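Below you'll find only one chain, the form predicted on its own, shown as C-alpha cells.
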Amino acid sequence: MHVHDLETTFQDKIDNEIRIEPKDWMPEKYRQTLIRQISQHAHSEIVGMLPEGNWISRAPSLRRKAILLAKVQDEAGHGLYLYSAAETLGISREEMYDQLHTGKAKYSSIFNYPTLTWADVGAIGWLVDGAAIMNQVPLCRTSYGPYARAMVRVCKEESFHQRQGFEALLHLSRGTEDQKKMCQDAIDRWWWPSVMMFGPSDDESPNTALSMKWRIKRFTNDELRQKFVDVCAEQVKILGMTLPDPDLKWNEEKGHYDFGKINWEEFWNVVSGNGPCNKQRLDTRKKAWENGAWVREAATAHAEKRKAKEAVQAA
C-alpha cells in the first residue's frame, strides 16, 4: 500500500475513534511523539518519588507515613506501566533510562523544586497531582491503545493522591498559627510551578497542533491550565488560604478566572537544567541505577541458570 494511503487509513481510524495498536502502521512522527511524551511521563513519575520520599521518615504520624509510603509506591508503579507502554513502540527501557540519565529526555520541571516542610507534601498532592489529573484524565482517551489503557489505573490512583494532599493541608489549615503559616507558605511556593506544569502557551508549543490532530492530546495546554486555575481558585477557599496571584479574579463574561502573567523565563530555566534541584535529582537517579547493577546482573544470571536447567530436563 502507498504511504499516502496508509496515512489516510491511519487518520481515518483516529477520526473514527479507533485506537491505534502496536502492530498497526503509524507515521514515524506519531511514534516518536508518543515515545517522547510517554517516556517523559514515566521519568516524571520516577523522579517525582524523590521530593516526597525525602519525607517518609519524617512524616508527623504513623498514619501519615503509611499514606506517603503507599503514594510513593504508587508512583513507582505508574512509571513501570508507562515504560511498558513506551516499549511497545520499539524503544527499550535501558535506552529510555539512558536518555534520562544523560539529560536527553526531560521530566516534569515541577520535580526540580525542593520540599522544605511537611506542608509541601500536602501541596504536592493538592496542586501537583491536581495538575497531573487535569492532564491525564483526557489521556485515558488518547489514540494510542497501550497508553490509554495504562492511564485508566494511573488516574484512579492520582485522584486519590490529590485528595490525600488536600486533606493534609486542610488538617494544617485548622491547626495552630504556625501550622496555618506553613500551609500558606507551601501553597505560595508550589502554585506557580504547578500552573507551569501544563507546558508552554499554545502559540509557543511546537507539538500541540499535531498532537491534537492525532488525538494524542484532547485539549491544549492553555485550556487545561484554565480549568486547573478555575478549580483551585474555589478549593483554596475551603482551606481558608489564598493563591499567590493578585490578578486572580472571577471574570463573569468569560465564565472563568483571570490570572496573572506566568514567569516563562523561570520555566525554561528549570527545563534547561538550572532549577534548584535538577543536579541533585539526576545524580540520585544515576546513583540508584549504578548501585542496582548487581541486582540486574544477579537476576539475569539466575534466569540463564534456570533456562539451562530446564533445557537439560527437556532433553
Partner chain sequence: MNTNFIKKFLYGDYGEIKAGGPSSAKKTEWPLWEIFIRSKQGLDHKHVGSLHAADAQMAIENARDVYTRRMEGVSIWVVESKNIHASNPDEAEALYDPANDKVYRHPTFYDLPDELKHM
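Quantities reported herein were computed from a predicted structural model and do not represent experimental measurements. Residue numbers count along the first chain shown, from 1. Each form is matched to the other, and the largest set of C-alpha atoms that superpose within 1.5 Å is called the rigid core.
Just so you know, the form predicted together with the partner chain exists too; it's not on screen, but the next bit is about it.
Only one listed stretch (121-129, 241-249, 175-183, 76-84) carries heavy atoms within 4.5 Å of the partner chain in the predicted bound form, and that stretch is 76-84.
With the partner omitted from this view, the residue of D230, E157, D188, D222 that lies near the partner chain in the predicted bound form is E157 [heavy atom within 4.5 Å]. Proximity to the partner chain in the predicted bound form, defined as a heavy atom within 4.5 Å, singles out one entry of K106, K213, R163, R93, which is R93.
Looking at N207, you'd find every heavy atom of it more than 4.5 angstroms from the partner chain in the predicted bound form. Not displayed here, the partner chain is approached by R31 to within 4.5 Å at the level of heavy atoms in the predicted bound form.
In the predicted bound form, the partner chain stays beyond 4.5 Å of every heavy atom belonging to R218.
Taking the partner from the other structure, the partner chain in the predicted bound form has a heavy atom within 4.5 Å of a heavy atom of T300. Of all the residues from 16-48, those having a non-hydrogen atom no more than 4.5 Å from the partner chain in the predicted bound form are P22, K23, D24, E28, R31. Relative to the superposed rigid core, the position of the CA of A293 differs between this form and the one not shown by less than 2 Å.
With the core held fixed, the Cα of R306 is displaced between this form and the one not shown by 2 Å or more.
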